[in-house]
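Single chain ahead, by itself, as structure tokens, in the form predicted on its own.
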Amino acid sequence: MNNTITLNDGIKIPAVGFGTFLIPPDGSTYKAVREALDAGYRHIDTATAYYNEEEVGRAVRDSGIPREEVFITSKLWVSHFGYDRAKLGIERSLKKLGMDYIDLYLVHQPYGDVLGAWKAMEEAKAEGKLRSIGVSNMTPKIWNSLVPQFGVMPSVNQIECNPFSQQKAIREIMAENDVKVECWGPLGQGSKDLLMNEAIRSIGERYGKNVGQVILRFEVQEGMIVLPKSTNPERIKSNLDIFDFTLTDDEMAAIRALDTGKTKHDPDAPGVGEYLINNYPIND
């Protein structure tokens, strides 16, 4: 199976990316990203609100891998929403990363002046500063209130997604315009119930694969982009080792049947936007 996915704007994105959420910018991000690149990853996911864009950029430069061979995703934080603020936020990300362009740039949380921010992102895409643009954490309710007002259709929606939380309702809406799912927390954020699930474990035994590899394989076969995160070198390698086996239709159906229809994070919950805006300001 091809390890890249073509987005609705024609850009190809590696199906497995390396997530950097909660990896601190104290040298840990640099080390983890270098290990990921050495292991073969060519897609790194960061964000303004992760405070580690600088270390990501330095790790890519120091790796010796040509810039055009590494797909970089970053995200605009809510404190940079609105047209003028978003233009500053985009330039801030480019400067922190030390790059002339970002492959994929997302609206990180769908609150505040998203429309103004999106307009600035559309312009930056037209200028070549952003190759693709997308959104994150959009539910059907949020999607239907905002996306019809966009001039450019998002390429992706990065959402919480794993076998227990398969996000079928928003995926159906996105599929109408070939918008791809990017899974954050694709392994259930370390959920013991998921990682010890007997049905998934037994599938893994057939292929000599661990539960995490089966989960990631399932998600990629579903057409999703996955962003597993680890600072363990062996786990970093194993999370990428999912392209030498294919799950059968019955195995896919068995994992689809694990969906609870629920997520840990509810973007529609009252006060979420206000909380993020008030408690996580990024003002520079």
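Just so it is clear, the structure is predicted and the values come from calculations on it, not from any experiment. Note that residue numbering follows the sequence shown and begins at 1.
This protein has a second form, the form predicted together with a small molecule, left out of what is shown; the following refers to that one.
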Contact assignment for the small molecule in the predicted complex, among Gly190, Gly128, Gly208, Pro148, heavy atom within 4.5 Å: Gly190
Report whether all of Ala117, Asn144 and Val156 sit within 4.5 Å of the small molecule in the predicted complex, measuring from non-hydrogen atoms. no
Work out which of the listed stretches, 55 to 63, 27 to 35, 254 to 262, 238 to 246, brings a heavy atom within 4.5 angstroms of the small molecule in the predicted complex. 238 to 246
So, His43 and the small molecule: in the predicted complex, are they within 4.5 Å at any heavy atom pair? no
Applying a 4.5 Å heavy atom distance criterion, does Ser230 contact the small molecule in the predicted complex? yes
Given that the partner is absent here, does Gly112 sit within 4.5 Å of the small molecule in the predicted complex, heavy atoms only? no
At 4.5 Å between heavy atoms, is Pro186 in contact with the small molecule in the predicted complex? yes
